[in-house]
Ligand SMILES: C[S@@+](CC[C@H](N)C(=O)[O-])C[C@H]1O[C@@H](n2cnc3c(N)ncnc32)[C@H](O)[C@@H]1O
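To begin, one chain is listed below as structure tokens, in the form predicted alone.
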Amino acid sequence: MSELASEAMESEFGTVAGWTEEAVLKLGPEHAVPAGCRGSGSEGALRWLADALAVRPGDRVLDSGAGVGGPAGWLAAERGVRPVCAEPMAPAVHASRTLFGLPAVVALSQALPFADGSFDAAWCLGVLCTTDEKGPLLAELRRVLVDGGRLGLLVFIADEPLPPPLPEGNSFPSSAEVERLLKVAGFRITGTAEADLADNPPGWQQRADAVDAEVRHRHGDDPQWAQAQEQSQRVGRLLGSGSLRPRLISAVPI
């Protein structure tokens, strides 16, 4: 989700997260995962990562930069684990606790409040591009993983200069930069795939759209809603043009 606190990102991942919780509670729990996964992967992408990380019941799993908890909620339901969520925006942490009943803490991915070797697996979805502290973030994920642990990433990659207007506060890495940063942090890449962000089961998109419509109905006149929508649309335009590419990565400690 977000690690860089620009005003637009505060709106998108803070205020709107609280509004999303409000809308899901009105519409019903079947809306929680689709709404909570906006910007952090499709069901197909989550399944690829869960398989690549070999997540199984009993594993201690961290979702770092968890947002409102959609991917962690999906993982809990699909793989019989109870992920721990870390997320810098307090309204999103409240939403993950309320909507999914998951343990969640307010924390930056580059300053996690966990002991060394606390987790068997971790994933970090759409977060690396929201901070300039990419090296410290990956080093911190390595620290909290056991030797032999597994890391999954969804990274938005920009291998060429991006056309404006750019989303505020993002810092999109190149493929080479991600590979270098992972190596320096002590990881070896074990798998990659291009993510299809539309790879969802029937009804998923409709439920996510229903939550958006409910939020718009309640808060559409609020400037923070317009700001968050503009941020999302700028990312969408870059993805649609192919200038920005979502990539799935699995890695293990060296």
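For every residue, the number given is its place in the sequence shown, counted from 1. Predicted, not measured: the structure shown is a model, and the values here were computed from it.
This next part talks about the form predicted together with this ligand, which is not shown.
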L49: touches this ligand in the predicted bound form, heavy atom cutoff 4.5 angstroms: no
Distance check, G152 to this ligand in the predicted bound form, heavy atom within 4.5 Å: no
Heavy atom of M89 within 4.5 Å of this ligand in the predicted bound form: yes
Residue contact check: S118 to this ligand in the predicted bound form, 4.5 Å heavy atom: no
Heavy atom contact within 4.5 Å of this ligand in the predicted bound form, the stretch among 221-229, 23-31, 181-189, 64-72: 64-72
Full three-residue contact with this ligand in the predicted bound form, heavy atom 4.5 Å, for R38, L108 and V127: yes
